[in-house]
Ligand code: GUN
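Next comes just one chain, in structure tokens: the form predicted on its own.
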């Protein structure tokens, strides 16, 4: 068993920060180390203590003075939309019909899906993101390409082929039965292969008939441990259209509830415009609202009430995500920078500790995977990111005036991008594309 000792400053969260001075919520070591072997963290903490646990043959990498954190986690992305990012459109539905759906039709071609998969993993690892929850296209070929590349890289990824049998071009439609069958085939082929995890993925209620929702419900009952991902209440025009398609439902959330799709492993992308009843339904079921700030701003969808939804009498579990390609940046730094600005517009405060908690342990908890990723705890998977807060001339100049960890974190959040990421470790192996 070969060991690797990775030295640097350490930051890892133990719980959600309650306020900006909540030092009990995280571990910080000014001279720390992480000892890894066979893809797992063996020990972490003060350098001298961890060094004493390493074998004589352990290799050592010194990243001082950089900051070592758990790899970032992105809870909502669209794998086929890398070439859609930055497309000009007025709103969500126009953007889907003008750009997204035509692009996704290309993923019927295996060669194209494989090419984009290579770029996807290169880009996300370059950003320090080691786990993502991804929508593939309706084509099984796209999911096969995604999971094959993930297995090759050794990453922990969650993904599924979208199920959609209406309100899309003919080249993007499956049927209730074929969507069910192909999802089952993906589960059999890829779930648990390497670190891959398959998610049941009805795109959203607009693109699924009641018959397809019934087959989705059957999958959820047959595979209760799998994640479910879909979209909810992103745009007011979308909400109105959805209500017209399911006139018997109380509201948008009730559509999914009627098909048994709410639960602790269900991820609802966006969930901006929720009524109190809907928020209560998500809270009671333990479902997760996934905040996608750059996408919400770019498409003019609305301002997600992150702080308000968390302090409700019945709080809603929350994750954060880039939502590539409606989102305009692959970077979790940029994502949380925009999340911060949205809360400012709503008269709220989002402090830097909360931002980095969401990017790591918070998102791991939202995925029910905190026993595997999102921390530097011994026994968890050795996905790490090494960060340099002086990565650009502008940042280096600002760092001359930085005196606290909080200020350093906020600097990276506001000015940082992939240049901040010195190295990304996937299961203990340096994996950042050069």
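Residue numbers count along the first chain shown, from 1. These figures come from a predicted structure and were not determined experimentally.
We do not show the form predicted together with the named molecule, though everything after this point is about it.
**Student:** Against the named molecule in the predicted bound form, would residue 281 count as a contact residue? Criterion: heavy atoms within 4.5 Å.
**Tutor:** No, residue 281 is distant from the partner.
**Student:** Can you work out whether residue 159 and the named molecule are in contact in the predicted bound form, taking contact to mean some heavy atom pair no more than 4.5 Å apart?
**Tutor:** The answer is no: residue 159 has no heavy atom within 4.5 Å of the named molecule.
**Student:** Could you tell me if residue 299 has a non-hydrogen atom within 4.5 Å of the named molecule in the predicted bound form?
**Tutor:** Residue-level check for residue 299: yes, a contact with the named molecule.
**Student:** Please tell me whether any heavy atom belonging to residue 270 falls inside 4.5 Å of a heavy atom of the named molecule, as the geometry stands in the predicted bound form.
**Tutor:** Residue-level check for residue 270: yes, a contact with the named molecule.
**Student:** At 4.5 Å between heavy atoms, only one of the stretches 221 to 229, 119 to 127, 343 to 351, 78 to 86 reaches the named molecule in the predicted bound form; which one is it?
**Tutor:** One stretch meets the cut-off, namely 78 to 86.
**Student:** Exactly one of 259, 190, 95, 246 has a non-hydrogen atom within 4.5 Å of the named molecule in the predicted bound form; which residue is it?
**Tutor:** The residue in contact is 95.
**Student:** Using heavy atoms only and a 4.5 Å cut-off, determine which of 331, 287, 131, 295 is in contact with the named molecule in the predicted bound form.
**Tutor:** Of the listed residues, the single hit is 295.
**Student:** What residues in 200 to 232 sit within 4.5 Å of the named molecule in the predicted bound form, counting heavy atoms only?
**Tutor:** Residues within 4.5 Å: 203, 204, 231.
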